[in-house]
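Single chain ahead, by itself, as C-alpha cells, in the form predicted on its own.
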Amino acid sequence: MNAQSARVLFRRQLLAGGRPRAGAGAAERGQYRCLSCTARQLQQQQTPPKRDGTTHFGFETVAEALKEQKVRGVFSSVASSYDTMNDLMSMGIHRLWKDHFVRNLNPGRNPLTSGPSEQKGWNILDIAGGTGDIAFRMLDHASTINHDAHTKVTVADINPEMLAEGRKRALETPYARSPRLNFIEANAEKLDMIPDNSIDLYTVAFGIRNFTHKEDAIREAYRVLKPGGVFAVLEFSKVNNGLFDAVYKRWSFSAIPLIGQLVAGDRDSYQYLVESIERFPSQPQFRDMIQDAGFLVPGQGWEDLTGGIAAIHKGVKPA
C-alpha cells in the first residue's frame, strides 16, 4: 500500500469513527462504494439546475443578487457579538458541539505514526469561519494532540467584518503571526484562489445555511479537496423529537429575536438567523446534496447533536 492509499484508508476509518486496521482496505472500499455518485455528478455537469433568479432570505423571497448583500449586512451587524449570537441560537451548547466536531475530525498528522514519504501536516480550509472559532481549535488539536507543528488553516469568509474579528482574536493565540494561519475574503461558491486537489480537510460550521447556492459551494469543496480529502459541516438542523421540537421552536421564534434586540440592539438579524435554520434542508436532504456532488458518505450520513438541534455531516472525495 503506497502513502496515498494509506492516507485515503485512514480518512475513511476516521469518518466511520474507528481506527485503521490491518487488512481493512477491501472491506472499507465496499462500505463506501457509491454506484450512483458518478452518474449523478455527470448528470449535474450536463444539466445545470434551473434558477428563476430568486432565493430565500429567511422566510423572505429576494433576488439572488441581493441575498449575498443582505447576508453580509447580517454578519456585519453581529460580528462583534458572534459568540453571544451562537449562545442564544444553541442555548450555549455550541462550544461543546465545536469541540466535538474538531475532536471527531482529529486534524493533524502525528510524526510518530506517519511514514517518511507523507506530507507534513494537513492543509485545512475553514469556510465561513471569519472569527477563527474552528481554526483555533483545529490548530490547538493538531499541535497538542497530534504533536503536529505543520498543519495550517486558511480561514475564508465573505464578510470583512467577521475576518477583522478573527484577526483580532488571533492576537490572543500563538498563531497570530504564524504561517500556519491565514485569513482571506472569499465566496464559498467560487474559490478561484484555491487550486484543485490541494486541501486535506474542508470545514464549514454554522455557515452553509446562509449560502445562496449551496450546491455550488459543495461542488467547489469537491474540486479543491485532494482525493481522500474530507468535507465536514457542522450546522443547525431538524430536531427529531416532536415535543422537544415544539419547545425549541417556541424558544427560537419568540425569545431569540427579542433577546437579540435587548443584547445586541438588532432584532432583524436574529430573526433572519432563526428563519434560516427553519429553511435549511433536513438531515437526509442535505446528505443527498453531498452525495450528489460526488462525495462518498459514511453510514447514514450525519450525526445528530442534542436531539438534532445541530448535526455533523461528512463526505470523502473518492481516490
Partner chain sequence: MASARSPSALLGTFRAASHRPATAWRQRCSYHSQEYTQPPPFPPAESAILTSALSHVPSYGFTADALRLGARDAGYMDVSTNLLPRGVFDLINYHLVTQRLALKSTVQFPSTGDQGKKLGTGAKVRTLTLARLRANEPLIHRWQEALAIMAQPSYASTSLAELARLADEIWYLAGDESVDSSWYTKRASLSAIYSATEVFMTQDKSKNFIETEQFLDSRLGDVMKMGGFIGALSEWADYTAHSAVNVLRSKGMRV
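The structure displayed is predicted, hence computed values, not measured ones. Residue numbers count along the first chain shown, from 1.
What follows is about the form predicted in complex with its partner chain, which we do not show.
Does each of L201, K226 and K314 have at least one heavy atom within 4.5 Å of its partner chain in the model of the complex?
All of them do, each having a heavy atom within 4.5 Å of the partner.
If contact means any heavy atom within 4.5 Å, which of 237-245, 187-195, 128-136, 100-108 contacts its partner chain in the model of the complex?
It is 100-108 that comes within 4.5 Å of the partner.
Counting any non-hydrogen atom inside 4.5 Å, which residue from T173, T84, S178, T113 sits next to its partner chain in the model of the complex?
By the 4.5 Å heavy-atom cutoff, the listed residue in contact is T113.
Looking at A142, V230, V233, L88, which has any heavy atom no more than 4.5 Å from its partner chain in the model of the complex?
Partner contact (heavy atom, 4.5 Å) among the options: V230.
Exercise: V297 in contact with its partner chain in the model of the complex, heavy atom 4.5 Å
V297: yes, in contact with its partner chain in the model of the complex.
Would you check, heavy atoms only and a 4.5 Å threshold, whether W122 touches its partner chain in the model of the complex?
Yes, W122 sits close enough to its partner chain in the model of the complex that at least one of its heavy atoms falls within 4.5 Å.
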